[in-house]
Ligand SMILES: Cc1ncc(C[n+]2csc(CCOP(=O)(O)OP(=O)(O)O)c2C)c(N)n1
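A lone chain, given as structure tokens: the form predicted on its own.
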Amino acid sequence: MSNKYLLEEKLPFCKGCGHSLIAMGIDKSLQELNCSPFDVIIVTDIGCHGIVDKCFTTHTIHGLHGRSVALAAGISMSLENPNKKIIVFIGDGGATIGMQHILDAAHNNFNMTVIVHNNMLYGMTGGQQSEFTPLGFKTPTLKEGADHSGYDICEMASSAGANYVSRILTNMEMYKTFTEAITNNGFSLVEVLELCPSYGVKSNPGMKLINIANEAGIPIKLYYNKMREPFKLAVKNAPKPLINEKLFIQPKRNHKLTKPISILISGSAGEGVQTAAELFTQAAIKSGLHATKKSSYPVTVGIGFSSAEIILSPKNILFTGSSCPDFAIVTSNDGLDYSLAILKKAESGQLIIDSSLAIPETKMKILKNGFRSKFTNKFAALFSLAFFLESSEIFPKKVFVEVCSESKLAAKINLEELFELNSVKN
């Protein structure tokens, strides 16, 4: 029988490599099933096995090391079509890296067939021991032989709930097992034991695969063959659209900005920096400006600095953030520590800083105000932006008041008092 799903008779593997037999076995199995090449999706990843992609006439997808099963799971869920045959090629290295993907796919019974190419070592990188290296097996970096067996992927897949699991040796009759696995709807896994001719054979001269399996206690057998229903996505009612017309901002062209400006506001986590910046940008948009906001804060979120970089422009903005802001607003020591390098680098612009903070080294024009003493740390950021707006008159203060009054902050603070800024200027 000649190849139908393989473009080349000569495959790109070392002479005597079991990967060639597996590829030809899949070809023969697909011929037996009379599958259309358009109905077959072969997913591979990093490893010697993955270089076979170009040889198949089917759909092929090549993913990151250990991620072929995860990719196939996404394909399986999106298709939900038993006529489509999703076949995953993965090596012992990839199977170790993607172990959780394999177990999850078996547990959820995703409709796919996984062929584990287990040559018991890392053949692409020099023949190192893998987590599937069996007891007693030798590699170039383990000349004394493994003192324990690696993972039993068949036992693990079976325990996870796979529909079909089998371990076989490389031989010319493999296609029969592949056919059984492919025709079993749901998750199927076939582990193929093979010898790498470049490293495995040379490190274990005269050793036969069956003897390796027997001595390591790895049974060559069919583990499971059951017909549990494959995974199906639950039918859900169409979700509400994410775009809510009530949230649309209707702009009014009453701003005074003629060119883009950038604003850095920097304070402490938990002091409303991000909320204040978002309300400010909403007010800017409502005033007819384009606006962007870029946030920065540590992974701890609730402690340390919190900073937002705002760009306002009368025209479209094609980027976010600014390394040299036109205006810097600093409301706390955390914010000052974070922005020190930026302030030192600035050649011009204006720094608005809380009166309680030390004045940093900067060429920016400095304006002080008692944000924290007047409205406590919780609303210092909001107050500082309101102060900046009144001093710059970029857009009407009443628009900022309106946006804040429509937010959750309206119930937490007296907005009229907040925006009576003349009484708190220093």
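Throughout, we count residues from 1 along the sequence that is shown. Computed from a predicted structure; not experimentally measured.
If you look for the form predicted in complex with the named molecule, you will not find it shown, but the lines that follow are about it.
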Let me know the one among 389, 48, 55, 40 whose heavy atoms come within 4.5 Å of the named molecule in the predicted bound form, would you? 48
Answer option from 122, 164, 327, 178, heavy atom within 4.5 Å of the named molecule in the predicted bound form: 122
Do heavy atoms from each of 19, 65 and 91 fall within 4.5 Å of the named molecule in the predicted bound form? yes
Heavy atom to heavy atom, is residue 168 within 4.5 Å of the named molecule in the predicted bound form? no
Mark residue 342 yes when one of its heavy atoms lies within 4.5 Å of a heavy atom of the named molecule in the predicted bound form, and no otherwise. no
Please check if residue 99 has a heavy atom lying within 4.5 Å of any heavy atom of the named molecule in the predicted bound form. no
Answer among 343-351, 169-177, 329-337, 123-131 for heavy atoms within 4.5 Å of the named molecule in the predicted bound form: the stretch 123-131
